[in-house]
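Below, in structure tokens: the form predicted on its own, a single chain.
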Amino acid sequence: MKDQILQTLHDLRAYALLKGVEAMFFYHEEDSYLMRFANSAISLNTNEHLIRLEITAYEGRKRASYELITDLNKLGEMKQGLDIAAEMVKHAQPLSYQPTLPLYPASFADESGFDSTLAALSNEERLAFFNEAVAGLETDEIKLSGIFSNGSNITAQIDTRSEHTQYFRTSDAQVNIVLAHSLLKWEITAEQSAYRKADLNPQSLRRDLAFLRERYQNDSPEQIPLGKYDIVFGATAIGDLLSIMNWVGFSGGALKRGYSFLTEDQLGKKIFSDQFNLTDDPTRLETFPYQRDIMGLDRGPFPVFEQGVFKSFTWFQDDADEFGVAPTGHTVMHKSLVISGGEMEVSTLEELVNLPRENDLLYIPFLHYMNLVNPSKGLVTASSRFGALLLKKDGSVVVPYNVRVTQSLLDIFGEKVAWLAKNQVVNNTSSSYGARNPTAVIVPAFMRVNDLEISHSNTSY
């Protein structure tokens, strides 16, 4: 397959040169499998194999792109796509800057993140995983829902500036399991991410679900008072906050367009807690990384924050072209973000609940309907859902109804951070829309932030 893909790209490059068209070809192939559960039964079981080809034609400061869903055996159709892009670029409005076309110094291929056994899991294996993860946890009132998504991803590139190619292949799986009480309306959930089959562990999901189910069945639900709380965020909540920061924080394009909460004069200054270290680390295969970017730049560990000090913005090539700065190797479908673990020895929710505590702790594992209130201030809002707990200082546990947190990321990751768990967790942040783009971040299992305000408190689930 790899040889056929690369030969097809070479054939397209030769055709573009014959036509006198400056062009870049971006090939994307996915095998996707999805098993969905609802009301303790399989509600959807599907798969698809798709090949997309994006063709970008250039003419001075003008460019135009044409994308088609195609097949490797349809070279003639792909050539027609180039003809369309070449005609489109003649009528395109010139950019205010000169866009850069890659010049690959050598061909590059990376399949280190591909596991054929994960990519080709059978229906029986997906179902067996779910059955083991929820064994004995369902009842007539407590129903199962969730997804098991897995597959493989191939991207490859060539352009008319050189004969060299780039080729990347990964495998991935994303599991989300929800147990919901049909009468009381509470929901608990657990998630897992994998880039190889050996990472799948249904027993760890069952452990977390069983512990939460016991709390939600036996501890009292309450509407908790408004006010300030010491909050412990779970890994998924931390991952969601990090994804927002990636969007409106250290992106150079966001900075120049006025919706980043960070500024150029903050470079080299302490912005966050000295416990906060953030790196874009493509050596971590759990993040489905790109070890070269689309422009051919080598990618290694790239520090964004070190002990709270802001080290660098990240620059996508097109933003760098527009604003006249050097690109940083971040012209990729996704980054490989890693927040370093801290010093607190706590790995599981049960260990967190059993820790001695001097104050009440509000545990929020998931943030629901997160959105931006003011991007230039890093102000976000979201509600708790799926397994929140109020850990009282007297040792008791309360199940809180959903609450809303509206805070700045500058506060959440700033000096109010009390501790980060030493243990790290892979949090899968993949979207189910568009071309398959498996994405994950690595974060501490828990993060405690003191003195954050709860602005709304629901009267029910």
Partner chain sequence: MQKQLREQIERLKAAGATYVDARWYPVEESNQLTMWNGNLKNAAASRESGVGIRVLYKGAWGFSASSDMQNLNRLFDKAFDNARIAAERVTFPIRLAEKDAIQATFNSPNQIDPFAVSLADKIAFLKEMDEKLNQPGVAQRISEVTFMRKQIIFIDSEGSEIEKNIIEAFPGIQVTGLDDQGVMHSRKFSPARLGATRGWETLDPQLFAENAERIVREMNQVRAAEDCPKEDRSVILLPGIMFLQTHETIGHALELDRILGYELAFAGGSFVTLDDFGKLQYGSSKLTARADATVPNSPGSFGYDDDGIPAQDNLLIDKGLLVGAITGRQMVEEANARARRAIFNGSGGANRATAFYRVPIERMTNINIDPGQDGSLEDIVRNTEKGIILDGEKSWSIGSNREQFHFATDIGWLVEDGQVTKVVKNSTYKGATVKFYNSLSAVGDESTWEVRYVDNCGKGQPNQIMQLGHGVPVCRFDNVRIGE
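In this text, all values refer to a predicted model and were calculated from it rather than measured experimentally. Numbering follows the first chain given and starts at 1.
FYI, the form predicted together with its partner chain isn't displayed, but the following is about it.
With the partner removed from view, the residue among N131, N218, T117, Q203 that has a non-hydrogen atom within 4.5 Å of its partner chain in the predicted bound form turns out to be N131. Checked against its partner chain in the predicted bound form, the candidates T348, T381, S107, Q307 yield a single residue with a heavy atom inside 4.5 Å, and that residue is T381. The stretch among 235-243, 204-212, 141-149, 285-293 whose residues place heavy atoms within 4.5 Å of its partner chain in the predicted bound form is 141-149. Here the marked residues R169, K416 and W419 all miss its partner chain in the predicted bound form; none has a heavy atom within 4.5 angstroms. In the predicted bound form, none of the heavy atoms of L362 sits within 4.5 Å of a heavy atom of its partner chain.
Proximity of D71 to its partner chain in the predicted bound form falls within the 4.5 Å heavy atom cutoff.
Contact annotation: N47 falls within 4.5 Å of its partner chain in the predicted bound form, judged by heavy atom distances. Taking non-hydrogen atoms only, P375 approaches its partner chain to within 4.5 angstroms in the predicted bound form. Of all the residues from 416-451, those having a non-hydrogen atom no more than 4.5 Å from its partner chain in the predicted bound form are S431, S432, Y433, G434.
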